[in-house]
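First comes one chain, alone, set out as structure tokens in the form predicted on its own.
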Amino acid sequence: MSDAASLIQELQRLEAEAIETLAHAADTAAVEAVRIDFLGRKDGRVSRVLRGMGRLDPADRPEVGAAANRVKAALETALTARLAELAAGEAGPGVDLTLPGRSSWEGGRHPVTRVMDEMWNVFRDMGFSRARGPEAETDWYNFEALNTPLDHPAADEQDTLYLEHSHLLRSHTSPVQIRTLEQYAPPIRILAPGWVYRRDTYDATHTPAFLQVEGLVVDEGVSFVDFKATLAEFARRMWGEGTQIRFRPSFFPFTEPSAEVDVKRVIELPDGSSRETDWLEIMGAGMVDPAVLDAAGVDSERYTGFAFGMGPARIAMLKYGVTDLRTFFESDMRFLEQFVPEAAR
């Protein structure tokens, strides 16, 4: 047998031995040991065989080189396959890796966001535009321009989060009223959603940061009848045809007269019957005080208007039967997954 044939035969023998050894490799460390033993650059057994090519006739070297490349490729394939087998085994007994994978969990809109969107759709259909303002305000826009002196209890540090240089975190979205009136001439019909901040205790009915929605209508001849009709239509579209609305006298520095607005809903029961709820407060509202129009540079002799403010989270509590306001902030998937569309689960 020629030297070339002898080397090729030895390469084939090493290939068979390596594959047999791999079949019994119990873990990735054992597979790596086989790789080093047979394919290591310095001391690998295939490499040692190839060192004998130096004594071959130059005409025989290509044949031996081709055989060596084939053996190396075969061993690399066998090593990769054995590692894959071991990885599949680590998945644990009873795991069928051929089963289709589970789709990732998809989120849905937060319940408060859903209520915000519903409210916006209702008021947009009634001709309102969306308006926004800064969350860090001056005491002028947050209090004084809204007919609230700085010595008023609402401006007390116990309620308001003050910053530096007469700035503060707005305690309501009403400053957007002033900024809009300064920028645009009536007629104005806006809805201003946004975050507000107060030094409230974090409990079942209060949070130090919450969403509020402010509404403002200013035009010539706007009356209390327009005010009541607008809010009655909002309640009807939000909760259904049988919804009733009630105004209770109240006081806010920036509206006169002022009112708390309550609704009474009709709930359909599982047996097909229905019942009315108790009266539930949903917002504070009133006719815009002329002093507010004057502070914004609007002629209060010519224009009148009404304004209202409400918390979407409180309305979401009523809509979804939530009893603790903190539930909306806790990111509990068991609660939030109730609002994921069925097709996304």
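So that there is no doubt, residue numbering starts at 1 and follows the sequence shown. On a predicted model such as this, the values are computed, not experimentally measured, just so you know.
Omitted here: the form predicted together with phenylalanine. The next part is about that form.
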inquiry  = At 4.5 Å between heavy atoms, is H172 in contact with phenylalanine in the predicted bound form?
reply    = yes
inquiry  = With the partner left out here, check for me: in the predicted bound form, does some heavy atom of G284 sit within 4.5 Å of phenylalanine?
reply    = yes
task = Spell out, yes or no, whether the shortest heavy atom distance between G309 and phenylalanine in the predicted bound form is within 4.5 Å.
result = yes
key: W239, heavy atom within 4.5 angstroms of phenylalanine in the predicted bound form   = no
key: Interface segment, criterion being heavy atoms within 4.5 Å of phenylalanine in the predicted bound form, picked from 47-55, 61-69, 27-35, 284-292   = 284-292
request  = Taking only heavy atoms into account, state which residues of 210-239 are within 4.5 Å of phenylalanine in the predicted bound form, ordered by sequence.
outcome  = Q212, E214
